[in-house]
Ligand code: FAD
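One chain comes next, on its own, written out as structure tokens in the form predicted on its own.
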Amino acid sequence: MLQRVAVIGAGAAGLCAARHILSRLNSFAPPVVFELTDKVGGTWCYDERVGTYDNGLPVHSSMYRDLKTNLPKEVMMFPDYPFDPKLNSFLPHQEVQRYLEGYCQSYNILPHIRFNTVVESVKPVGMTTEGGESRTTWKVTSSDPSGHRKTETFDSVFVCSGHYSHPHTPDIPGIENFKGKVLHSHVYRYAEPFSGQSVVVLGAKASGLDISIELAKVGAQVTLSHGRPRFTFPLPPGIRQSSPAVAVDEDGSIHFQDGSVGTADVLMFCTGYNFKYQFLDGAELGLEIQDQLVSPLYRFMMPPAFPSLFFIGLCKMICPFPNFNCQVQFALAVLDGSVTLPSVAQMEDEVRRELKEKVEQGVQQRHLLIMEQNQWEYCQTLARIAGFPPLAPVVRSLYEEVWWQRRVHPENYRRLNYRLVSDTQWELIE
């Protein structure tokens, strides 16, 4: 019997899952891909609307108009599907969207996607096979635009719904006293409306820094408020750094951690996103789904008690498409039996031990899914166990080069262009 797989989401991770399922039709039936919107691309799909779609559902994408990738296409691509070599290394989001549409066409994924379809619930059902073994199947209930509901049974579910849709807003005492506008970068689309205003941007990771630079270019006065080590590179005129905002006074003024006080027209949270899976019941799966952590997940993918449910792309600070590509191939090797998993107890044990080690090293709970340097060994391990080709070493080498460039030249690093020469070498193109 061919296994039936449900894929939730037609962004990069979902398309990657569908592509690899379609290349293994001797083990798997063609996938059913459920997509909330009317397009592929997920977070790369720019939508000027904010708030809700016409059907009342919240707008999914957090893409802003002038976003350019902060990774070059040479390391960003799926290993088996390069970008058009004529393009620059750093791309506007429209090119990534086009790339994902091309990927979809190239592997004939489109016929398997149900657009404008909401997954309402995913429930495990225990069943006993002829051999007396117990195995889990999944009841997936979805509804189409006409409101028609349908429940189907699958052998496995890939959750590829992304994690850049549900804004995380830390609690700042007294924020209700703020007299200006409070928003999250999820609803930021372009800089012009902020021209001439004073804006406190809270958070200085990729989007906080990026949006601050955009705002300064249109003449906003930006205070970049963050708790990271101060940036030592020169920031553009119009941006100054400050310590974290800790409270808002009754008169609307903002208190910072270093004791200074300021006022502003706008408070913009660039403070990341929460994990939310309205269609899952965490307790039923033995999972704790918190704002910044889903646990325990074996290999950052599967609940030990239900290893036919896979979360793809949950980790943060990774090279996304290559990472998805490794996770999907590992997951399919688990399903087709070429990878044997440890017992449920051993898997739980391993996850708890890994998390405990991180906590003992001082990693805060909200950072436990940040991979950074560990991503390379992680992808290597998945490839080794599941027997698929590992990522070429050049991906890591160029990723690290760009990471360094970004810290030194945050305004200009995207002007550089690269070329991959071999599996181990890249070069800078003049």
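As the structure is a computational prediction, the values presented were derived from the model and not from experiment. One rule holds for the numbers: they count along the sequence shown, beginning at 1.
One more form of this protein should be noted, the form predicted together with this ligand, which is absent from this view; the next part is about it.
None of Phe256, Tyr107, Phe306, Phe279 but one reaches within 4.5 angstroms of this ligand in the predicted bound form through a heavy atom, and that residue is Phe279. Out of the listed residues Phe311, Phe324, Phe330, Tyr99, Phe324 is the one that sits within 4.5 Å of this ligand in the predicted bound form by at least one heavy atom. The chain is drawn here without this ligand; in the predicted bound form, the stretch among 23-31, 360-368, 390-398, 66-74 whose residues come within 4.5 Å of it by any heavy atom is 66-74. For the candidate spot formed by Ala10, Leu36 and His60, every residue has a non-hydrogen atom within 4.5 angstroms of this ligand in the predicted bound form. For Pro320, a non-hydrogen atom is located within 4.5 Å of this ligand in the predicted bound form, even though that partner is not displayed. Residue contact check for Cys160: one or more of its heavy atoms lie within 4.5 Å of this ligand in the predicted bound form.
Although the partner is absent here, Val119 lies within 4.5 Å of this ligand in the predicted bound form, judged by heavy atoms. Taking the partner from elsewhere, Tyr298 is found to have every heavy atom lying beyond 4.5 Å of this ligand in the predicted bound form. No residues of 215-246 lie near this ligand in the predicted bound form, the criterion being any heavy atom within 4.5 Å.
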